[in-house]
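The chain below stands alone, shown as structure tokens; this is the form predicted alone.
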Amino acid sequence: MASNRGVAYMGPGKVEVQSIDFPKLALGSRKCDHGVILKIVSTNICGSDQHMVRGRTTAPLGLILGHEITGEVIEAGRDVEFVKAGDLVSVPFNVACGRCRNCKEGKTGICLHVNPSRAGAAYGYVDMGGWVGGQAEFVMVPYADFNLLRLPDKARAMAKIKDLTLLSDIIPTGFHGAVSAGVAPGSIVYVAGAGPVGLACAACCQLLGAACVIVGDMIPERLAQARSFGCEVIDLRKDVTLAEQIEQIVGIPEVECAVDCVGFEARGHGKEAGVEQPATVLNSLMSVTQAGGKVGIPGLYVTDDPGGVDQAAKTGNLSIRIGLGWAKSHVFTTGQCPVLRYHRQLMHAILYEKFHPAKAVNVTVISLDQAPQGYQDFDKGAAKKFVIDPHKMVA
């Protein structure tokens, strides 16, 4: 019988590689003729995974993690028409049926048919439909014809796999944040957070033609990584307001648009650096975004946070200064990125050398057995995007 291994969440701060079932073309007791089984080529550790591993969600013990998946098709269901065994494919982290009202409108992050609890699903994630994650050797992907992006010219794709592996989540997510914020040629934009999504977003802002991309964080190594590809940076540990630091860069204390790439584990700035304040980023972005500006919010906010700083935060209730945002006529865009809306164009940008996201986010390849250490290093703020290579296929 074929074997499989995957990275399992085993409690706060603990993950381990376990033997798990080899995937089947099945959904419970019924066949999944629209699905495929993939041999994982690369699968990435995401900041969203880290929220679960820190114990900041209601994730069940034993959950197989991983929603950023690139793989080779080894078996296709009877009803799959457009991908075949041997194809190299990128898997959007959104599980989407392609048939419901939302999918037909391009809102694949909130598919109505793939999660009995609420709209929207993802692989290996809490409250997202119970789909087995892809930090493994093999995984099953449903609705294959609709979801999968086939990477043309396998040899050419493998030569750029460190970039293309990012198409499953953080590059489309960063791009979605930038587009939602209205980034365009000549824009001045502030990106909160220099983790992998923030760095990906900053690179996407440059791809969209932004004149000045400012990235704020508290970890010097991450700020250095942002600076390495042409971003201006703000050290939020300094006892100088965000507005004052922005003014030092662009001459005025505001930007045209902003993106929150931090989410609910945000921490205070200046003297309060290190103190968890989950509404800090949202409130600071409203303070520095010009009237009429847009704020993209790809950073994760959850409905249940057992580790919240107070009773309100434990149920996702934050002290957001909405009156300021209202007075400035701000536009806010939240929620999962609909990866299918962007991934083909971003693939072309990579293949035609217009975009080098692996360099921007500092892709670092590790083995499946090194995943627990990768999680530990990432939790300490490493300026790296850890990419797991379970079959030693990544050059």
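We number the residues from 1 along the sequence you see. Since the model is a prediction, treat every value here as computed from it, not as a measurement.
Just so it is clear, the following notes concern the form predicted together with a further copy of the same chain, a form of the same protein that is not shown.
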property	result
Among the candidates A76, V126, V233, A119, the residue which, in the predicted complex, approaches a further copy of the same chain to within 4.5 Å (heavy atoms)	A119
Touches a further copy of the same chain in the predicted complex: D145 (any heavy atom, 4.5 Å)	yes
Close approach of H51 to a further copy of the same chain in the predicted complex, 4.5 Å, heavy atom	no
Contact flag, T333 vs a further copy of the same chain in the predicted complex, heavy atom cut 4.5 Å	yes
Any non-hydrogen atom of A155 within 4.5 angstroms of a further copy of the same chain in the predicted complex	no
Triplet A243, H356 and N362 all within 4.5 Å of a further copy of the same chain in the predicted complex via a heavy atom	no
Listed range touching a further copy of the same chain, judged in the predicted complex by heavy atoms within 4.5 Å, from 162-170, 191-199, 293-301, 218-226	293-301
